[in-house]
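Before any questions on binding or motion, here is one chain by itself as structure tokens, the form predicted on its own.
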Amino acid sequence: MEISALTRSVVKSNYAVIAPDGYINSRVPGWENCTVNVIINEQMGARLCQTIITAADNCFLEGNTKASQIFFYIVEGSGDAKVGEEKKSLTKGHFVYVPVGQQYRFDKISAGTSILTFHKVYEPLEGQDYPPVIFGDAKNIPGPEYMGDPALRLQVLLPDDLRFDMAVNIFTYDSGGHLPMVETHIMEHGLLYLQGQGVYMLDHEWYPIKKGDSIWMAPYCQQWFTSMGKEPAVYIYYKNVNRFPTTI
């Protein structure tokens, strides 16, 4: 018999590792015939929200972005998405960025489809327009070497310009690949492992990580990762960018 009091999940003031074994479903108005797992949220001290949606039969998602922008990524499965007047069919690896002030609807979603979302309250910047709606496919995004290491490849999914105050990237590590330094920075992260496994160091504590796990890292959480196993480790992650680093 499996002991139910065991989990790899840990939640601390500066970071969290959330494994799927502890998910409890939430209900989100407008997101129907699906389960929603809120992985990261302001309640834990974060300044972003990260969810995973798992579709059942006749699933649909609809709403209006007001204060927060939303980034949707198809982890598995398929469906149609309409934002404003633009509509596209989506499959694994496709993504949709919905800026504030937009109406969206996802339908024709196949049962079992898994969708990752990142939400952030948008911070307008004087002199800059609001970002546009973006539909994309990760397989069409280049993945150049990261810091000259051929074992590391970084895909930047959203445009790198001042209209955007959030970034979403996909980081791929070949087996044995690792970050070149312990990172200590102001940017906050939320991430989901899409493939593989490895070991993550968070504030000098070491955690085994594998496909399906999520991590939240607060600003200045010290971080380092190495990939282990016979296949590359791949994760998709959020960070806040392009805004003045204080609210004072």
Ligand code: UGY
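Just count from 1 along the sequence shown to find any residue number. Here the structure is a predicted model, which means the values were calculated and not measured.
What comes next is about the form predicted in complex with this ligand, which is not displayed.
Undergrad: Residue 183 versus this ligand, in the predicted complex: is there a non-hydrogen atom within 4.5 Å?
TA: Although this ligand is absent here, residue 183 would touch it in the predicted complex, with heavy atoms inside 4.5 Å.
Undergrad: Is residue 237 part of the interface with this ligand in the predicted complex - any heavy atom within 4.5 Å?
TA: Residue 237: contacts this ligand in the predicted complex.
Undergrad: Looking in the predicted complex, any heavy atom of residue 122 within 4.5 Å of this ligand?
TA: It does not: once this ligand is placed as it appears in the predicted complex, residue 122 has no heavy atom within 4.5 Å of it.
Undergrad: With the partner left out of view, is residue 217 within 4.5 angstroms of this ligand in the predicted complex by any non-hydrogen atom?
TA: Looking in the predicted complex, residue contacts with this ligand include residue 217, since a heavy atom lies within 4.5 Å.
Undergrad: Residues in which of 171-179, 106-114, 126-134, 67-75 have heavy atoms within 4.5 Å of this ligand in the predicted complex?
TA: Going through the listed ranges, the match is 171-179.
Undergrad: Could you tell me which one of 223, 54, 51, 197 places a heavy atom within 4.5 Å of this ligand in the predicted complex?
TA: Checked against the cut-off, the match is 223.
Undergrad: For 126-147: residues with a non-hydrogen atom within 4.5 angstroms of this ligand in the predicted complex?
TA: Result: 146 alone.
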